[in-house]
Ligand SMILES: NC(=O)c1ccc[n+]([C@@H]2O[C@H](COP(=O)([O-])OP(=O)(O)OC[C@H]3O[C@@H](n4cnc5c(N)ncnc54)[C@H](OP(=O)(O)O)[C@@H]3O)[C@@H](O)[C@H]2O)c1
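Presented below, as structure tokens, is a lone chain in the form predicted on its own.
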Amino acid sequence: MKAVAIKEFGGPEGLTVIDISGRAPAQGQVSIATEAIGVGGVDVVIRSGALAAYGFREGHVPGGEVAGTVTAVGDGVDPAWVGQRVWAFTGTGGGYVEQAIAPIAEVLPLPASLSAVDAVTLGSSGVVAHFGLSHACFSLGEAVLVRGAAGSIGIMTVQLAAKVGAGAVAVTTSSHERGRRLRDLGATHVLDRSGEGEADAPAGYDVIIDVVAGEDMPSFFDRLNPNGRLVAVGAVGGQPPADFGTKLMAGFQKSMSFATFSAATVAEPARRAVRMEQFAAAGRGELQTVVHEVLPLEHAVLAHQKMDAGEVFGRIVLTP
């Protein structure tokens, strides 16, 4: 079957289409004929080689979430899953394929009203947005800033913060057009990437959800209110400077907090419940999934080029 692998760490040109042998699902697993494959920021970071120290090697097949139809089940899995349309989390890779393998604990049935493309646009990002806000102890009426709001996690964070009653939802983004679209999704203030841009924007924020990290992350500590919390839910801009904690200590009397958040720390039943609720809400039109573009699997290089260029608003989806 067709797959896309990282032939060489570095730029998008290091991705290559390969033929691999399909494998049967092991105990507790299912095999899924993929209809849609989400392209995530973590795929880009892995492809760059930045996570090689964490065990990722050249030859790795990226992709963490897929949607499609279950074609086979391993031992211990109810055969009734065969033929069902599902969303699945494959882990830190293995998704850029025509036939994916996933543990049954990370497989959810899709409502008839939700497409496979919409499912992989929402599946991981919605959970990160929901629990990222929870990790920040967000409460009604607080001012929220979403840094790097044009990606799928940022878009979902904007929607959820607005829906649950944030006092303000500011965003950082790179263009007027993106800002207009984010306003349509619930943003109240649109700022440039440095956090400037509107005179009436809040002077400080109770919560900052940061998808970017990178060298500029410490400057956003200055934008936290007393007792404010900045939670990094991604690092698409790279690692922050090694001494970023000195900024926090410099603001000691403001009692600011910094945390990272990974959905891997949330118990599977809780992730499952939130994801099912969000799928249903999207199917009813209460949450918007924003798809930047749908490309064939063999155009994964182009998808990553667009990600690297910062052209993507929402999510790129690959289809076999």
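One-based numbering along the sequence shown. Here the structure is a predicted model, which is why all the values come from computation and not from measurement.
Although not depicted, the form predicted in complex with this ligand is the subject of the following passage.
Contact here is defined as any heavy atom lying within 4.5 Å of this ligand in the model of the complex, and by that definition each of 153, 178 and 234 is a contact residue. This ligand in the model of the complex comes within 4.5 Å of a heavy atom belonging to residue 128. In the model of the complex, this ligand sits within 4.5 Å of a heavy atom belonging to residue 261. When contacts are judged by a 4.5 Å heavy atom cut-off, residue 312 counts as touching this ligand in the model of the complex.
This ligand is not shown here, but in the model of the complex it comes within 4.5 Å of a heavy atom of residue 174. Of the candidate stretches 242 to 250, 106 to 114, 221 to 229, 142 to 150, only 142 to 150 has residues whose heavy atoms lie within 4.5 Å of this ligand in the model of the complex. The contact residue chosen from 211, 88, 166, 160 relative to this ligand in the model of the complex is 211, the criterion being a non-hydrogen atom within 4.5 angstroms.
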